[in-house]
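As structure tokens, one chain now follows by itself in the form predicted on its own.
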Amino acid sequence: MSLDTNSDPQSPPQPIEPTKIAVLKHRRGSRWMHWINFPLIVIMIWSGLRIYWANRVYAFGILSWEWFMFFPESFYTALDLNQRLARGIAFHFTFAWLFTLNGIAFVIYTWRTGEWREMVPNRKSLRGSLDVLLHDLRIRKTEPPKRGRYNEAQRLTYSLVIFLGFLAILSGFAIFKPTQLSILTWILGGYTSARVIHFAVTIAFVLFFLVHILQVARAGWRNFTSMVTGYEVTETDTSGSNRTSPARQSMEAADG
């Protein structure tokens, strides 16, 4: 009979070394439409500024107290946006159609794959978003839980961005064809109101871009690469914790 000299009941258990695994975080279709959408919106904002140069009617202020116009002449001169109205219109309308088609494809894709369940907020999302904000500002130390891939603030923000995209398309058509689409223009409160909505949506998109880029930088390189490759590298131990969930396994199978 042989004795196992390595098995000592009095010895402390050896620590389990974690191993790294790749977990699918973003489907291929979502990644493609995400990266296609980014240059489309940038070009539309750039070309929209050229259109707005020809008729700058909005200013930032309170009641009759006007602080500054959107935007000062130096802004257009620095970015070489002035005297380019015809080019701005051509680019804006062309890429607006591409933005619309990409948006329709995204809605159909998220519906067919069921990804909309990961993004839709619920009645707890508003309170949960406040908890996320307090954590990001380092006021609260405990990180709020996630429901799937996104926390409550992300669910609320991404749903709002989709709604803003839908509103940008509708208000854009109302401005583009106010006579042919008179019913749509009327629903939005008239031509002037539709233009205000379109301009406000543009400002909201710019603010979202700034916050989104800051959040991506804050989350780190691993979070960024997951939107490129689709996978996020995470750690697990040999006991099986942090294994890919059945939902993730079905996503991997669907992603091919």
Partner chain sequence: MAEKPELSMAAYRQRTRRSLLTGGLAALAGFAGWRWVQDQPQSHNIPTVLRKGHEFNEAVWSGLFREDHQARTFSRSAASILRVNGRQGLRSEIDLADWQFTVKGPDGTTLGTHVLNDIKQLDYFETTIEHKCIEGWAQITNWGGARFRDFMRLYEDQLPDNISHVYLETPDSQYYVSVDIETMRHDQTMLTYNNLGVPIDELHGAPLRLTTPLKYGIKQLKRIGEIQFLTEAGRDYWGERGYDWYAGL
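Remember, it's a predicted structure, so these values are computed and weren't measured experimentally. Positions refer to the first chain, counted from 1.
The same protein also has a form predicted together with its partner chain, omitted here; what follows describes it.
**Student:** At the 4.5 Å heavy atom threshold, is F95 in contact with its partner chain in the model of the complex?
**Tutor:** Close contact exists here: in the model of the complex, F95 approaches its partner chain to within 4.5 Å, heavy atoms only.
**Student:** Is K124 part of the interface with its partner chain in the model of the complex - any heavy atom within 4.5 Å?
**Tutor:** No.
**Student:** Taking its partner chain as it sits in the model of the complex, is A86 near enough to touch it, meaning that at least one heavy atom pair lies within 4.5 angstroms?
**Tutor:** The answer is yes: A86 has a heavy atom within 4.5 Å of its partner chain.
**Student:** Would you check, heavy atoms only and a 4.5 Å threshold, whether R27 touches its partner chain in the model of the complex?
**Tutor:** Flag for R27 set to yes.
**Student:** If contact means any heavy atom within 4.5 Å, which of 70-78, 170-178, 126-134, 155-163 contacts its partner chain in the model of the complex?
**Tutor:** Single hit among the candidates: 170-178.
**Student:** Would you mind picking the one in M33, A200, I51, L40 that has a heavy atom within 4.5 Å of its partner chain in the model of the complex?
**Tutor:** The residue from M33, A200, I51, L40 that makes the contact is I51.
**Student:** Among A219, V228, L207, I213, which has any heavy atom within 4.5 Å of its partner chain in the model of the complex?
**Tutor:** Among A219, V228, L207, I213, a heavy atom within 4.5 Å of its partner chain in the model of the complex occurs only for V228.
**Student:** What residues of 180-198, in sequence order, lie within 4.5 Å of its partner chain in the model of the complex by heavy atom?
**Tutor:** Counting only heavy atoms within 4.5 Å of its partner chain in the model of the complex, the contacting residues of 180-198 are Q180, L181, G190, Y191, T192, R195.
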